[in-house]
Ligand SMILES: Cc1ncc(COP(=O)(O)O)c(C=O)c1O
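Before any questions on binding or motion, here is one chain by itself as structure tokens, the form predicted on its own.
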Amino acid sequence: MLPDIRTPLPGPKSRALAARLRSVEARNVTFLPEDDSFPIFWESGDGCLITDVDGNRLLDMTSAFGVSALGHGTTAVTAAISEQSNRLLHGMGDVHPSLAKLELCEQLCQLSGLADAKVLLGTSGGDAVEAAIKTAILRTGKHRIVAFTGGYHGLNLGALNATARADFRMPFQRHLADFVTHLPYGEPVHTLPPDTAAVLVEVIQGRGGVQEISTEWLMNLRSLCDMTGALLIVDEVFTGFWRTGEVFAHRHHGVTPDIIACGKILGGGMPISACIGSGDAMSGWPVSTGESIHTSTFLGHPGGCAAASATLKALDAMDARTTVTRLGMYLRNHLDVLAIKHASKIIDIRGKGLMLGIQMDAPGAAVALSDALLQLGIITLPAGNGDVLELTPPFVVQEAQLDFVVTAIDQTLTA
């Protein structure tokens, strides 16, 4: 099925709801312009399609921030949530755990490929990154973290230290600690700063503009960590669970990290994340004596764990690796042709699997393109400096839907 637009976007109901939201939500959360020209309020989802409150049907090319890889309204996941909630919705994750927590940890350890892997669960990608940073500090006895320009690792105050974007950091600069060194992403790294506990890196930057690195560059980071005793942390929150065609993006490069931070796809729509480390990396954590030094009320939430387990099983059943590789190549080939046709406006097509970016010729150009596509019933997000249109559709996207998107981009750039 394709988009079906029945009202101007946003429709009258969305506009009315935007006015209501403006009166009750903190103003820095949802973009709510005074003319109510944004956003569209979602009502339901089916596969890659979203129906808004005005009855318009739109095509989601974002997987809702990269989360809904199995599509919206996924039966296997919602059924698992329903079954688990009927038995036990909430538990005491670090005191009296549920079976759902144990089973998910077992699945994650097996998928990670890390030796004697151990898991720390959380509820967001930022949680997973903060757990990874704490793990490195405890294991090495050092304090400095090396991260990279363009990197996005969450906005929790701890993770914000590693996030590179000045617009996120500046309002809280006085409360950020001086323990993170940001190096240029993808450029040669010859040495690590003294007292480096970990190197934190995205194999493909998402919000940074679908930026990629070479195998040689990542292998060099691995070697530097090995020589200095620092841990290599890969932030796979966006790229994890076959988004790029491999279960984790670092597998494309044959490099094994010490810690993997993951989230998004994992919960199938439920808020859950995980920091997975090798047994050696996780050995810095002390044995619990009855009071955990890193926990939260919803750690190991039974409903979230059940959803995550069901998501992993569903991805395995659909052969996500083959599916994403095939669809990613199909879309990439069409975008490459588009780039040749519009060489004056498109600088590059980059990314892997179903995490692709169209780099435009100027900052803000992707924002304008995204706005135009929305009017055609296609939901996209800009990235980078507003110069990259990010395409991360659900894994259940159909070729006809991808054709529709490519045609819409072509017509928009031609106009």
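Keep in mind the model is a prediction, meaning the values are calculated, not measured. Numbers for residues come from their place in the sequence shown, where the first is 1.
The same protein also exists as the form predicted together with this ligand; that form is not shown, yet it is the one meant from here on.
- Mapping the unseen interface onto this chain, Val237 counts among the residues with a heavy atom inside 4.5 Å of this ligand in the model of the complex.
- Heavy atoms of Ser283 never reach within 4.5 Å of this ligand in the model of the complex, leaving it off the interface.
- None of the heavy atoms of Lys118 is located within 4.5 Å of this ligand in the model of the complex.
- Under a 4.5 angstroms non-hydrogen atom cutoff, this ligand in the model of the complex lacks Arg139 among its neighbouring residues.
- Proximity to this ligand in the model of the complex, defined as a heavy atom within 4.5 Å, singles out one entry of Arg207, His72, Arg144, Lys101, which is Arg207.
- A heavy atom within 4.5 Å of this ligand in the model of the complex is found for exactly one of Gly154, Gly269, Gly300, Gly328: Gly154.
- Comment: 122 to 130 is the region of 175 to 183, 75 to 83, 122 to 130, 225 to 233 lying near this ligand in the model of the complex, near meaning a non-hydrogen atom within 4.5 Å.
- Taking this ligand as it sits in the model of the complex, the stretch 256 to 279 comes within 4.5 angstroms of it through a non-hydrogen atom at just one residue, Lys264.
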